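Only one chain comes next, encoded as structure tokens, the form predicted on its own.
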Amino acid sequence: MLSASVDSVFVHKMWNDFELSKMVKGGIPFPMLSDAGGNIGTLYGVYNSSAGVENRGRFLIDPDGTIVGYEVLTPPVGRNVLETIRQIQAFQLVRESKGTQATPSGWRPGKDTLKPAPDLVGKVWEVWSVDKAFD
């Protein structure tokens, strides 16, 4: 896991030392990259060259280098780190199962998964409901 922004490594250090470390014990446990020229942001489609800033993007990339999930938000809206972690866990479970399991909306570790099969089509509601996600 890593993060990137157009801010310098010095701004990242100040942000971590004076803000993030007060919210996350020990500060952020992953590297923060400086994308001063917006090159990374441009590749991922989140860099606004006229304003010189990047929208907040979250990209989940599997071990094969494939983007399996992403979310892009404009600066006024924050992200949900717990949801990101849940999605990473779901992608890991599906990958480890070699596609024999699927995680329904709201799935959490330890909760029921779905077994993809042709006879499941049109019957997901019989084996899973939104209520199960919040049990």
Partner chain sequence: MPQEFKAGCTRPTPPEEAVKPISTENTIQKKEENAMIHVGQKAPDFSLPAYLKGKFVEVKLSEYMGKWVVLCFYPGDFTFV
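Since this is a predicted model, take the numbers as computed values, not measurements. Rigid core (definition): largest C-alpha set, two forms, superposition within 1.5 Å. Residue numbers count along the first chain shown, from 1.
The next section is about a form of this same protein that is not shown, the form predicted in complex with the partner chain.
Trainee: Is S97 a contact residue for the partner chain in the predicted complex, using a 4.5 Å heavy atom cut-off?
Mentor: Answer no; every heavy atom of S97 is more than 4.5 Å from the partner chain in the predicted complex.
Trainee: Can you check whether V24 is within 4.5 Å of the partner chain in the predicted complex, heavy atom basis?
Mentor: Close contact is absent here: in the predicted complex, V24 is far from the partner chain, nothing within 4.5 Å, heavy atoms only.
Trainee: Is G65 close enough to touch the partner chain in the predicted complex, meaning at least one heavy atom pair within 4.5 Å?
Mentor: Yes, contact at 4.5 Å.
Trainee: Whether P109 contacts the partner chain in the predicted complex should be assessed with a 4.5 Å heavy atom distance threshold; does it?
Mentor: Result no; P109 lies far from the partner chain in the predicted complex.
Trainee: Within 76-113, which residues come within 4.5 Å of the partner chain in the predicted complex, counting heavy atoms only?
Mentor: Contacts from 76-113: P76, V77, G78, R79, T84, I88, F91, Q92, R95.
Trainee: Classify P75 as shifted (yes) or not shifted (no) between this form and the one not shown, where shifted means its C-alpha moves by 2 Å or more with the rigid core superposed.
Mentor: The answer is no, as the C-alpha of P75 shifts between this form and the one not shown by less than 2 Å after core alignment.
Trainee: Quick one: core overlaid, is G38 moving 2 Å or more at the Cα between this form and the one not shown?
Mentor: G38: C-alpha displaced by less than 2 Å between this form and the one not shown.
Trainee: Would you say K115 moves between this form and the one not shown, meaning its CA shifts by 2 Å or more once the core is fitted?
Mentor: It does not reach a 2 Å shift.
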